[in-house]
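So this first bit is one chain, no partners, the form predicted on its own, shown in structure tokens.
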Amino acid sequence: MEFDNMNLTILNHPIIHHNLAVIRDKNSSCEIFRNALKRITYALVFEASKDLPTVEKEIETPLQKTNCKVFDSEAQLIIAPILRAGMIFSDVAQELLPFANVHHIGMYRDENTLEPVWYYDKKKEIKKNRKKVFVIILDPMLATGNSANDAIKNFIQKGVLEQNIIFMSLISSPEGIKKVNSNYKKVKIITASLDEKLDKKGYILPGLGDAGDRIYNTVD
């Protein structure tokens, strides 16, 4: 499947590959799964935040004054984990970007229609110039793309510019990327893996099973 979205980034690094193998393994315990996922998350957040605006600031070292680049305090960054699996991304994102606002998105997938069902939307008021508002949506799995589309639409309706939205995932399907791309070509997609396809139930293959169940040890 070909993509015309130049905003798609697939991370390619031995550390990513090794830890993806760990989390795909059905025999990996919850603890091993979470630790491997956390290691990948650091790389994803670094990539997702690399284009955030910075400004020059003069600081004084023990030896002399110098100019350094720091995040622009006039910008507003919103971290938006899709509950519940997106929360494990949120922990790392808040560690690396402690000045960010957190906007929780609650939705689950109807297993019959594969459409998202909303149950929670913790709104964060957009107080800044909309050109300086940036959103990173966090969800380990970009499968059908339905939840991603709804989350993106939600922020655009709040006034966020499409080009200032990033969707960050652990594993993505070609179908999910195509759906997001067809509706929101300016949205950046960052993922650690582009998998083969979706099965008839909308699960990513080869995938890793249900991310939320494996993160929170609720596998039947």
Ligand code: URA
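Quick caveat, the model's predicted, so the values are computed rather than measured. Numbering starts at 1 and follows the sequence shown.
Same protein, other form: the form predicted together with the ligand, not shown, and the subject of what follows.
Contact annotation: residue 82 falls outside 4.5 Å of the ligand in the predicted complex, judged by heavy atom distances. In the predicted complex, residue 25 stays away from the ligand, with no heavy atom inside 4.5 Å.
In the predicted complex, the ligand lies farther than 4.5 Å from every heavy atom of residue 137.
Although the partner is absent here, residue 143 lies within 4.5 Å of the ligand in the predicted complex, judged by heavy atoms. Residues are counted as partner-facing when one of their heavy atoms sits within 4.5 Å of the ligand in the predicted complex; in 172-207 these are 202, 203, 204, in sequence order.
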